[in-house]
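Just the one chain here, laid out as structure tokens, in the form predicted alone.
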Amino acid sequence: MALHASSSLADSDLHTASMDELQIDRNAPVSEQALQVLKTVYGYDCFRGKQAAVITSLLEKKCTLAVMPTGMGKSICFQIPAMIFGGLTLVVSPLVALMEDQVMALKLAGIRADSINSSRSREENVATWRKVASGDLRLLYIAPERLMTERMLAALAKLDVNLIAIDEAHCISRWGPSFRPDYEGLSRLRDFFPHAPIAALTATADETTREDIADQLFPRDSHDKRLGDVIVSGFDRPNIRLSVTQRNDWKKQLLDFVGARKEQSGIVYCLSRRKTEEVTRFLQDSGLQAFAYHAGLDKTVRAAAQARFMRESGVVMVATIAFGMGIDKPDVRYVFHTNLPSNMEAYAQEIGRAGRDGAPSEAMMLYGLDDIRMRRSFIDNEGGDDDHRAREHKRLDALLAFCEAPQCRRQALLSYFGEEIKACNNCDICLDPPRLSDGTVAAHKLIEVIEATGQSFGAVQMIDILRGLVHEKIKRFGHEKLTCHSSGKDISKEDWRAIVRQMVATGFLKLDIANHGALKLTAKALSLKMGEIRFAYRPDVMGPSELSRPRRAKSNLPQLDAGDQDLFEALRQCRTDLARQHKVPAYVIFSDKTLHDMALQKPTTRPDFLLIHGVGSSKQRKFADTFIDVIENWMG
């Protein structure tokens, strides 16, 4: 992304603060210091979710893995300890765009931060390094491949490195679906910085991936016990309405959805570059502001499209998965998948780019049989060993289970990550329940086979036993001799597959990804076996369906009266002007929530301005007079 802090806003234009200038009481307990930094720098009165737990763990010098939903403020979890510790914090980030946006936001908040990355000239990177070496920086953002060179590690090892933060930490795990070889070397960081705690942060990691991340990054004691904290705050984004439907007339389905949201920003994901270009032309011809983004486009074209998307409303970004990681735009109102994503982790990450401001948002997915065939082909041809391909097929199976869920879709999504919730009443299934068939008898037969085979085999073997097949693998384990062999021969192979997927989706079964996708029984399955509950399923999940016209998302902020709404719009225009002046996205100046609070409170003095939600001391000094002028002019 072409938003470079070094070229658009010089350090001399910013007031960067030390801990003393922030007036933090160094004699107070570190937990109180953290709250003081939160208020003084960020303008917030309290922490959200598990932020306090993560910060406390790091301040106790423990290595910490934090798994938090997108939009829940993971960055604050390491930025505040960085300011309290002093010295240098290394922030490992995979994307230049993410680095530049976070560096700019930190500078505007008065924090000494910068990055060394490939988008900058050698002279700029050298100048940044001089600030690092002289102790002028608190946070240095750097890509893993640049950090893990022997020369960089040797130079940094001589400095006062007090904290290391690894963003998108799931990329370090070979068990995960998003493994990146350039992350693999990060497991050596403890050798170079044994006294610096490591903060590993991610929005999506199943239990197997979480364990692997911790094993690679955390130290061990003399008894080989792993040291550190794993803090999982949940994966739910309740403000996002989830919908999935079969694709039948995708152009009409897409236009019906996007056309109803002309004034809103959204992302439309496509499976290929060709499809991305086709969708972009179609939306443009339909009168919508749409831009394509994929790896085959010229770098400047991509940067210009992303800049428009970040700074304006009502822009549709049509993209492959090349777009999205690290995108921090808070008011993306919808994510639309024209094709099936690659797996559950990818789906959770991609929909997580909607509604980061907490306001109602939507995630719509279209899928069809051709998507499933294409995804299977991708897995078989992408390389890797047999175990890797088997795990990816099982991850795809879990996503198909989600698509075919007979009950609350959010329950199916969160169940995959080991989380249980009540029915959400904010997904297509809760709002418009499908017609179900009683599958209790079939489910009993499946549970019997899973128990009889020791919960050690996947769906294919279970279905073959139920249908009475006798082949090499059946005979090798003596499964043809089981009393339950052929007990389900009256049910078709496709129906059995649907039953298995939907039992996974509804929490009766669990896929053991690390054990070749073996089907495991849950407590819910045992309740079913005991006759305490029943199982219902959707027998026609791949049949045709119509995409109902979705409801428009509404703001979660209190309604402003007509006069205050006019002031809010004037404040937004002021923010837009400042964003253009500083060449940053508007939300880096202030969020909509901050402007909303401004329109309600109408501060006319600098002390009053500091009481507005999201206004820290640096932004008060930099922007108070400008916004107060707007308020006073409006008040006449």
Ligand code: ADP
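Since the structure is predicted, the reported quantities are computational estimates derived from the model, not experimental observations. We call the rigid core whatever largest set of C-alpha positions still superposes within 1.5 Å between the two forms. Position 1 is the first residue in the sequence shown; the rest follow in order.
FYI, the form predicted together with adenosine-5'-diphosphate isn't displayed, but the following is about it.
Let me know the one among 583, 61, 602, 48 whose heavy atoms come within 4.5 Å of adenosine-5'-diphosphate in the model of the complex, would you?
Result of the distance check: 48.
Consider the chain as shown here, without its partner, and state which of 144, 341, 507, 73 has a heavy atom within 4.5 Å of adenosine-5'-diphosphate in the model of the complex.
By the 4.5 Å criterion, the partner-contacting residue is 73.
In terms of non-hydrogen atoms within 4.5 angstroms, which of the given stretches 566 to 574, 40 to 48, 26 to 34, 602 to 610 touches adenosine-5'-diphosphate in the model of the complex?
Partner-contacting stretch among the options: 40 to 48.
Whether residue 101 contacts adenosine-5'-diphosphate in the model of the complex should be assessed with a 4.5 Å heavy atom distance threshold; does it?
Flag for residue 101 set to no.
Using a 4.5 angstroms cut-off on non-hydrogen atoms, would residue 330 count as touching adenosine-5'-diphosphate in the model of the complex?
Yes - in the model of the complex, heavy atoms of residue 330 and adenosine-5'-diphosphate come within 4.5 Å of each other.
When the contact criterion is heavy atoms within 4.5 Å, does residue 404 count as touching adenosine-5'-diphosphate in the model of the complex?
No, no contact at 4.5 Å.
Is there a non-hydrogen atom of residue 190 within 4.5 angstroms of a non-hydrogen atom of adenosine-5'-diphosphate in the model of the complex?
The answer is no: residue 190 has no heavy atom within 4.5 Å of adenosine-5'-diphosphate.
Under the 4.5 Å heavy atom criterion, name the residues of 348 to 368 that approach adenosine-5'-diphosphate in the model of the complex, in sequence order.
Sequence-ordered list: 356, 357.
Core-aligned, does residue 357 move its Cα 2 Å or more between the shown form and the other one?
Yes, residue 357 moves 2 Å or more.
Since the Cα separation of residue 349 and residue 167 moves by 3 Å or more in the model of the complex, tell me which way: closer or farther than here.
They are farther apart; the C-alpha distance rises by 3 Å or more in the model of the complex.
Between residue 165 and residue 349, does the Cα distance in the model of the complex come out closer or farther than in this form, changing by 3 Å or more?
Here the pair is closer than in the model of the complex; there, farther apart.
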